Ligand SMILES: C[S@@+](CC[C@H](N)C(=O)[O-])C[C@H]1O[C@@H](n2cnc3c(N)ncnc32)[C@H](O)[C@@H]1O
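Below you will find one chain, with nothing else, as structure tokens; this is the form predicted alone, and questions on how it binds or moves follow later.
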């Protein structure tokens, strides 16, 4: 059992985490609108899905979702939700599909996962190969300001990885600002986005 597996049981009970997922989805809706895209009927890959907090918003928005995470504990929580809610358009797995998918994705989302990847640019390139032409890639990650800080990504790192993966119309900016009542800090994660030409 890894650290993420241990966190899975109490993950959804954390008000900060729930608030983050809600704010990320609201920012995603704005990005989709700006690109003239909509969730109903779309096929989405939620990479690094955790317990499926963002997945739930995507499903409620009318998307069919393939949810991927390496944590068995997180996936167990998500699978219980799939059963409880009777979601028929959601799959939960620990591995990405091998090779090009028969039905490419309209949208790929990565919420607070890319900074944890051993080879972020390579994984982004792999994910982008699963997008349809005109498909959208969106990620949220904490911004790393201090070069000595091991966590997070810089704006340049995100822009470089998305460009190298072949995306266009790339934007990297603060995705949302969200203050949790009772907490002093404001969440300001970066949002990186790009479309496959």
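Not measured: the values here are computed from a predicted model. Numbering follows the first chain given and starts at 1.
The form predicted in complex with the named molecule exists for this protein as well; it is not shown, and the discussion that follows is about that form.
Listed stretches are 40-48, 156-164, 129-137, 56-64; the contact stretch with the named molecule in the predicted bound form is 40-48, by a heavy atom cutoff of 4.5 Å. Not one of 27, 176 and 180 places a heavy atom within 4.5 Å of the named molecule in the predicted bound form.
Although the partner is absent here, residue 113 sits close enough that one of its heavy atoms falls within 4.5 Å of the named molecule in the predicted bound form. With a 4.5 Å cutoff on heavy atoms, residue 74 counts as touching the named molecule in the predicted bound form.
In the predicted bound form, the named molecule sits within 4.5 Å of a heavy atom of residue 17. Though the partner is left out of this view, residue 169 does not reach within 4.5 Å of the named molecule in the predicted bound form, counting heavy atoms only.
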